[in-house]
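A single chain comes next, written as structure tokens; it is the form predicted alone.
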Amino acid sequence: MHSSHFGAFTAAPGDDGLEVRPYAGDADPSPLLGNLDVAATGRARVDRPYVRRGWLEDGPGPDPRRGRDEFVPMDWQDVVPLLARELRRVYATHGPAAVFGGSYGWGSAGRFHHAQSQVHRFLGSLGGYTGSVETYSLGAGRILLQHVVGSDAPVSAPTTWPVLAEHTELFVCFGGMPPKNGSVNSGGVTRHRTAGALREARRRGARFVLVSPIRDDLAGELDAEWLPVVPATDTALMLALAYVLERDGLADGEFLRRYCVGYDRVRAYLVGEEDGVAKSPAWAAQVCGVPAEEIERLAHRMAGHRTLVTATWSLQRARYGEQPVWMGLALAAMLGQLGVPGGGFGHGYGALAGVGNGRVPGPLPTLPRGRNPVGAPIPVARVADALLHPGEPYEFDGERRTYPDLRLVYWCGGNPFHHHQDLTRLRRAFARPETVVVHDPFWTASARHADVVLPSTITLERDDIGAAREDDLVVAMHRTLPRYGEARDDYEIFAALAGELGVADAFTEGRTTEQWLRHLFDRWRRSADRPEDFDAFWSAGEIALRAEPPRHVLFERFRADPDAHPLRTPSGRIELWSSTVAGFGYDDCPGHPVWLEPEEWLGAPAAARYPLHLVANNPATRLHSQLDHGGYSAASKVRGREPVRMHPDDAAARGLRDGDVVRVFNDRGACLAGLVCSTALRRGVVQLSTGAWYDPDADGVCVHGNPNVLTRDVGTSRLAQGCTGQHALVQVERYPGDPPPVTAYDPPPGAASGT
């Protein structure tokens, strides 16, 4: 048995490649398991250590040749001391703050071979590193919620699916609950429950309203009413719904008085006392494109039913992304249903398979990261700013900080050339450090932009323990495949470096991989009071933690007695107006939710040149950029390129048709994609998912279809500095002549070609 972020499975080499079977207990397994077919092949694999020629010959230093240079193969016995000398030099000359410990937590569902924990533990043993905080997925939402409700409970502990399936009468889904996102979960998922819970609610009679420019952001079987909102205007629609509740006496005044602070300020803004503009349905209709009468009708439906207001993570992954989260919670507060079964607010239903499953109490068998004495981590979405602007000040969550002077980047278990925005700018940023080190199984764009590339194993080539806080099982992840080429586990790589640098005991504590697995399991078993020993667990393949998700209601205790169970806010209440946030003085995130017009949307002046609004959402055929060359992902490509969807009317106006290779472009860059015409999009909107491996030509055009050559690298606001990669304004035209070949999966010059 094995585990992955998109499901548990069994696998074995067969005559036709890897034979994969979903976990028998999963009634709704993810189709993403169909990408594992490439795991048994050498396509795109890094077969041995490599060093970039320019770095090897000229020494460390800023270098614009990164991403364009050839590589030199190396032996492990040579590359380990070479890299150790460079680490020793940087730490001695510039100090630990000059080392950026880059990683992202999606490398493996295994808790020991968790790349982020491994690299942070290693760098901590050397004296520390500059780290990062928050995520590209949820950078704005979590920071904002800490101020409004004192925690990230609407994300980490929302009302669970059994309660919603039984009690919710009306789901109002801002951004939907995309079925594709419900396939994955950080740390693994053994039973996919989201789709089944929603079907159960619909069979009981619950109704759904989808607020999104994309109709399939909610499963078609739910028969949702679709409000095709103009992208990036959800806050305006929420404000108009709140206006109707206030105007028509439908707001729950008692709830607002007892459980909230600041509604008087929100009300003044709604009715226009603050700025002279009433946030009426007529006003909102001009902004968001939803007719005023539909807004009126929806507000009354929400007040007359047990209503759940949901906001996807995609809403806050945009300029001023804090606002729809804050306003969505305010709207739920005005309905007075926070803390009751089936009502209230949720942030992220459908974002991950685990959201709504409830959390398993207690610790998990995870690798300790150790201590990092270097403070002031940077927001993860601001890594290019940090590399490009060392020593410059920036603001973050009420603090004025300074970007460190990063000289060495050590990236393990992530692909910033997938997650980050404005990839042309990121290439300039990656040219600045003196050294870039990447562990990667594949020749991703991040590996191509490194100086030292160390081949790491994939999850099927190692033993591990799979576990997630929202899942039902602890999984024994048995090694299935032999290692490819000279690939090594990250732990082995770091242990060798630690030995070379004299910190082996601090990093390994004298344990082999098997000894670590036993140690982590035994420590977890004792803390969780479990009877199983490691050998029994390893033989059985799994340990059941629970039979069903718990029945939990968000804010239930707070609603029962707000004095006995106050929130961790300054007032102990829900802060619809936050004196703390207001005190920061941010014009891009004031003290209560507001409509702030983004620089790029269909109502902006820039739309005259770029009249299409790009939605760069998560892909349906892979997890982020992982295994983009796998069978399921490859089958979705159009002429070998990522599909871009467009309304047929928009295509016809440009003389385009299904299957055309098109150029999608704006002032930041351009990419080629394969056109798919679809009425599931609002007119004026195009949708191009992230995750196609970045494949720039000599002019910087991504010939494979990565939308992050088009997205803007700027923070959500000075409060959260979150990622804004969901939206961009673009134009689309047919690509003339024969398009260039896609070479994203081919090794760079000097590297061996896999089989």
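Start at 1 with the first residue shown and count on from there. What you see is a predicted model; the values in this text were computed from it and never measured.
One more form of this protein should be noted, the form predicted in complex with a small molecule, which is absent from this view; the next part is about it.
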Query - Selected contact from Pro49, Gly715, Gly67, Gly725, since only one has a non-hydrogen atom within 4.5 angstroms of the small molecule in the predicted bound form - result: Gly725
Query raised in the report: Pick from Gly414, Gly131, Gly669, Pro158: which residue has any heavy atom within 4.5 angstroms of the small molecule in the predicted bound form?
Result: Gly414
Query raised in the report: Quick one: which of 195 to 203, 364 to 372, 76 to 84, 438 to 446 gets within 4.5 Å of the small molecule in the predicted bound form, going by heavy atoms?
Result: 438 to 446
**Report entry** Interface membership of Gln146, the small molecule in the predicted bound form, 4.5 Å heavy atom rule
**Finding:** no
Query raised in the report: Does Gly631 reach the small molecule in the predicted bound form if we count a contact as any heavy atom within 4.5 Å?
Result: no
Report task. Look up in the predicted bound form whether Thr690 has a non-hydrogen atom within 4.5 angstroms of the small molecule, and give yes or no. Result -> yes
Query - Contact label in the predicted bound form: Trp516 to the small molecule, heavy atom within 4.5 Å - result: no
